[in-house]
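Below you will find one chain, with nothing else, as structure tokens; this is the form predicted alone, and questions on how it binds or moves follow later.
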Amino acid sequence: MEKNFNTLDDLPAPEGKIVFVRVDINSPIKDGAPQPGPRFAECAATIRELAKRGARVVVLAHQGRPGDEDFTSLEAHAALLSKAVKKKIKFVPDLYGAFALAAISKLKNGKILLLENTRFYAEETLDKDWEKTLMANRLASAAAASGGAFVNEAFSVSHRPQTSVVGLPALLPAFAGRSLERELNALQKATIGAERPVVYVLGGGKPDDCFKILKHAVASGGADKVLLGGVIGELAVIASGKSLGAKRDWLEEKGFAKLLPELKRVVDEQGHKLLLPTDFAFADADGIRVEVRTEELKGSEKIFDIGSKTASAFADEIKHAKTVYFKGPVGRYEETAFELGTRLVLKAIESSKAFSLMGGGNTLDACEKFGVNKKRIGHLSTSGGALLAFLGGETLPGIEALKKK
């Protein structure tokens, strides 16, 4: 990805300017309160830098979706964000009404506001004409008089065409924040500018996401080898003509078997690029891990991990890779009996000299569990859907909005 968008290095003399910064601090809610997490730290550097340079910083963010239990005000988020930025952030319980506009106009140089949850307002989630909304125009007008700007510091929502993501950058000079810039540089290094061979490791419990990435990776030539574990690995084994017995029934119940016809075509046509599990692990009646070759499965075993031979084969591919993308554990790593596959693969990536890219909640959790040295990982993304969309070949509206500027 070429640098065809502006960054904070291109923002001239921000002192006195109203700068809107779209961040993602969407957090788990426990007992009615948002929980601390890496997303607060992700955006803190950009907010701190702008405030230090004298900008009048106005932060935009969302929390949850209408109707969900975590759909709540951002009032409590202000304290967590203040702690991350190490500077007081005032919360304003309004977004683009008279109260919010008055607070923005009174904001002093170097000070920071956090406005109310953008998704409290219907104009945030319209499906078109975002730059024509009252929300976008009122906020843009509030900034324009000061020569203001918009900064996208939320890669994780950049796949969503929403007013705070694409409407404001259509009306104001637009820039990428430090975290977003770092994310895009990592994606460039893992895709367009990737050193070969490129190895993808796809696993986890969401085969639809994995299949989207798999199709794009093999069709575009983005990956030289794709190692399949987790649910997508089990489906691929079935698509190759083997039976997984009881696991097939479970896959049917979950609705995952719908992928089999198209997955079979990929396996048949691109099988030379794929590495499928050759053995699996299950627990016997005493809870002891038992491994068996795929061909020797009797059909009643409840498999929850790749076997050690498969894990070793995966590790060997990773050893010879120059670029590695890891998505999702290759087994039920939360249980001791089934952690081996994921642990061996992650440790192989940790010891590899390849540039590695990882993302997703379970992946980050597994890294923590197995003590993976994060300094040995090229880039750990806190993004979920946006990362998957990008690697699946989709265009990200939030990034395209920056390119247009």
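Residue positions are given as counts along the sequence shown, with the first one as 1. Everything numeric here is computed off the predicted structure, so don't read it as measured data.
Same protein, other form: the form predicted together with ligand 3PG, not shown, and the subject of what follows.
Between the options 156, 191, 72, 82, which residue brings a heavy atom to within 4.5 Å of ligand 3PG in the model of the complex?
Going through each option in turn, the one that passes is 156.
Name the single residue among 353, 65, 52, 375 that comes within 4.5 Å of ligand 3PG in the model of the complex, judging by heavy atoms.
The residue from 353, 65, 52, 375 that makes the contact is 65.
The chain here is shown without ligand 3PG. Which stretch in 340-348, 57-65, 362-370, 29-37 comes within 4.5 angstroms of it in the model of the complex, by heavy atom distance?
Selected stretch: 57-65.
Would residue 206 count as a contact of ligand 3PG in the model of the complex, using a 4.5 angstroms cut-off between non-hydrogen atoms?
No.
So in the model of the complex, does any heavy atom of residue 160 sit within 4.5 Å of ligand 3PG?
Taking the distances in the model of the complex, the answer for residue 160 is yes, it comes within 4.5 Å of ligand 3PG.
Indicate whether residue 178 is a 4.5 Å heavy atom neighbour of ligand 3PG in the model of the complex.
Answer no; every heavy atom of residue 178 is more than 4.5 Å from ligand 3PG in the model of the complex.
Although the partner isn't part of this model, could you tell me whether residue 225 comes within 4.5 Å of ligand 3PG in the model of the complex, counting any heavy atom of the residue?
Taking the distances in the model of the complex, the answer for residue 225 is no, it never comes within 4.5 Å of ligand 3PG.
From first to last in sequence, which residues of 256-274 have any non-hydrogen atom within 4.5 angstroms of ligand 3PG in the model of the complex?
The stretch 256-274, when checked against ligand 3PG in the model of the complex, contributes no residue at the 4.5 Å heavy-atom cut-off.
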